[in-house]
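Only one chain comes next, encoded as C-alpha cells, the form predicted on its own.
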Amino acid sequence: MLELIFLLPLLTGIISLFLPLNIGRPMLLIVALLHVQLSIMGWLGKLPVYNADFFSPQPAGMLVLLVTSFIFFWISLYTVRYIKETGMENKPVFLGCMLLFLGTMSMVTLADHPIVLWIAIEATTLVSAPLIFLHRSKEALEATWKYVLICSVGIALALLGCFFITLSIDIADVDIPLTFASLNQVAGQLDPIWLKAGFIFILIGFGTKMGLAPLHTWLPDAHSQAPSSASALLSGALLNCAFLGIYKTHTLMVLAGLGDFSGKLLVGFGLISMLVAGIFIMRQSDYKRMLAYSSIENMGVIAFGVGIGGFALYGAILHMIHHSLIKSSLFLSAGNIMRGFGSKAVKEVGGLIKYLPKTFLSFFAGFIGIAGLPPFGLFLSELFILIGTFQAHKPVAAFLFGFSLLLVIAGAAKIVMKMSFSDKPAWQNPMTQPQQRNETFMRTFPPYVLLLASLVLCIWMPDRLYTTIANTIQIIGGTING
C-alpha cells in the first residue's frame, strides 16, 4: 500500500534508536534503497492507497517525494562513511532520527488532508531537532532552540490557516470531505474572505519552515550547527516539504479565482527573501551559513516563480528539483571540507584545489550550479522564470529578480574563490592543516552523483517525469511552452 512509503522509515527509525551501530548503519542504507523503490512504485501508480481520506499520490507531492527519496539514498551512503570516520556522539540517535526524518517528510508528500499535512510538517521539526543538537555545544543548543521555537510558532499559525479554510467550507455550506482534492473541485463555492485569511496564515506559517524572509532566522543557525548530511536534508528536502503546503493552498486559491491575491504575496515574499539573502551572503564568514543563505535565496526564487505563474511556474518547479540536487551536493562537499580543515570559518580554508582536489571539483562545480550558470539546471529554471516574468508584463519584478541573483552570485563567488584558490594558510596552527587522506571515495562520490543528476536532467528528462511536472503546473495555468 502507498502508506508503506512513510511507514517503513518511521518504524525502522524507531527500531534504529535501540540498535547497535554495526546494524544501524546497514539498515539506513537498506531502508534508503527500499524507499527509492517504493517511491518509484507509488509514482507509477502500482501501490494502492489504503486510506484515501488522508493520503493521495498527487503530482506535486510525488515530485517532492521522488526528489527526497533520491537525495536521501546518496546522503545515506555519505553518512555511513562519515559517522564511521568521525567521533560523532549518539550515532544511533543520529541514524534513527535520519530515518524518522525521511518518514515524516514522506508523509508530508502524500498527505491530502490539510490537518494531516500540518501534523506531518510539525513532526518533521520534532524528529530533525536532535540532528541539529547532535554535537551538544552551546551554539548547537541555541540553534536547536531557535529552530524548534520559531518553526513551532510558524506552524501554529499555519494550523490557524487550516482552520480558516475549514471555516470557508462551513460558511459556504458545502458538504465535502476535507481533502485538497475535494476542495479543489468546489473551490469557486468557498467563502473568499476566509480563504484569503487562510492563505495568509499558511503562507506565514509554512513560509517560516520554508525559510522565506523575514521568517528565515532559524535557518542559518540550524544549517551551521547540524552535521553536513543533516544540513543536506534540511536544505534539499525539508524546505520543499514546507513549500508543498504553500503550493497546495495557492492551487486552491487559483481555482477559487483568488490567484492574483496569493500570487502577489508569493512574489513579494520571494523578492524579499532573495534580497535579504543577497545582502547577508556578502558578509558571511562561515561557508555553511553562506550555503544556508543561498537556500533562502533559492526558496525565494521558487516562491517568486510560482507567484508569477505561466511559464515562470514551470521554471519554479524545475528550480525546486535542481536546487535540491545541487544544494545537497554542496552540503556534502562542505562536510568534506570541514573534515579536511577542521573549521567552518572561511578564513581558515584555502587552497582547496591543492589540498582537497576531489572535493574542490564537486564544491566548485556545485557553486557554478547554484549560481545559476550553465550547464546546470538552475540556469534554465532561472531563465524560464525571467522569461515568464516578462511575459506577465512585470518588468520591475524582473529587474529586482535579476538584481538579486547578481547580488547572491557576487557574494558567494568572493567566498568560494577564496576557499578554492587562496593559498594563505591560516595553518600556523598544525591542528587546522588540511588532511588529504580524508578524501575517501564514499564521501566524495555522492556529491558527484547528485551534480551529475542535475546535468542529466538538463539534457534528458524521462517522459513520465515530464508529464508529472506538466500535471503539477497545468492545474493552475502553468505552461511548459514559453
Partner chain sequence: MTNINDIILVLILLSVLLSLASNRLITLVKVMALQGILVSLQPLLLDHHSNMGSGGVIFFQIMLLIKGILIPGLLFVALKRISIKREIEPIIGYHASLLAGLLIILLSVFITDKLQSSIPRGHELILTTAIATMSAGFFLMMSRRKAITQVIGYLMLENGIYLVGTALTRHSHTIYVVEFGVLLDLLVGVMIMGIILHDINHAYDDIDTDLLNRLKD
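Keep in mind the model is a prediction, meaning the values are calculated, not measured. Numbering follows the first chain given and starts at 1.
The same protein has a further form, the form predicted together with the partner chain, not shown here; the description that follows concerns it.
Enquirer: Counting heavy atoms only and using a 4.5 Å cut-off, do L383, A397 and M419 all touch the partner chain in the model of the complex?
Expert: Verified in the model of the complex; spot residues all out of contact, no.
Enquirer: Applying a 4.5 Å heavy atom distance criterion, does W118 contact the partner chain in the model of the complex?
Expert: Close contact exists here: in the model of the complex, W118 approaches the partner chain to within 4.5 Å, heavy atoms only.
Enquirer: Might A156 be said to contact the partner chain in the model of the complex, defining contact as any heavy atom within 4.5 Å?
Expert: Yes.
Enquirer: Tell me, yes or no, whether F133 is in contact with the partner chain in the model of the complex, where a contact means a heavy atom of each within 4.5 Å.
Expert: The answer is yes: F133 has a heavy atom within 4.5 Å of the partner chain.
Enquirer: Is W194 close enough to the partner chain in the model of the complex to count, meaning some heavy atom within 4.5 Å?
Expert: Looking in the model of the complex, residue contacts with the partner chain include W194, since a heavy atom lies within 4.5 Å.
Enquirer: Exactly one of V346, I353, I368, A123 has a non-hydrogen atom within 4.5 Å of the partner chain in the model of the complex; which residue is it?
Expert: None of the other options qualify; the answer is A123.
Enquirer: S76, S404, Q225, T251: which sits within 4.5 Å of the partner chain in the model of the complex by any heavy atom?
Expert: Of S76, S404, Q225, T251, the residue with a heavy atom within 4.5 Å of the partner chain in the model of the complex is Q225.
Enquirer: Which is the contacting stretch out of 405 to 413, 173 to 181, 267 to 275, 304 to 312, given heavy atoms within 4.5 Å of the partner chain in the model of the complex?
Expert: Checking each option against the 4.5 Å cut-off leaves 173 to 181.
Enquirer: For the stretch 261 to 293, which residues lie within 4.5 Å of the partner chain in the model of the complex by non-hydrogen atom distance?
Expert: If the 4.5 Å heavy-atom criterion is applied to the partner chain in the model of the complex, 261 to 293 yields F280, Q284, R289, Y293.
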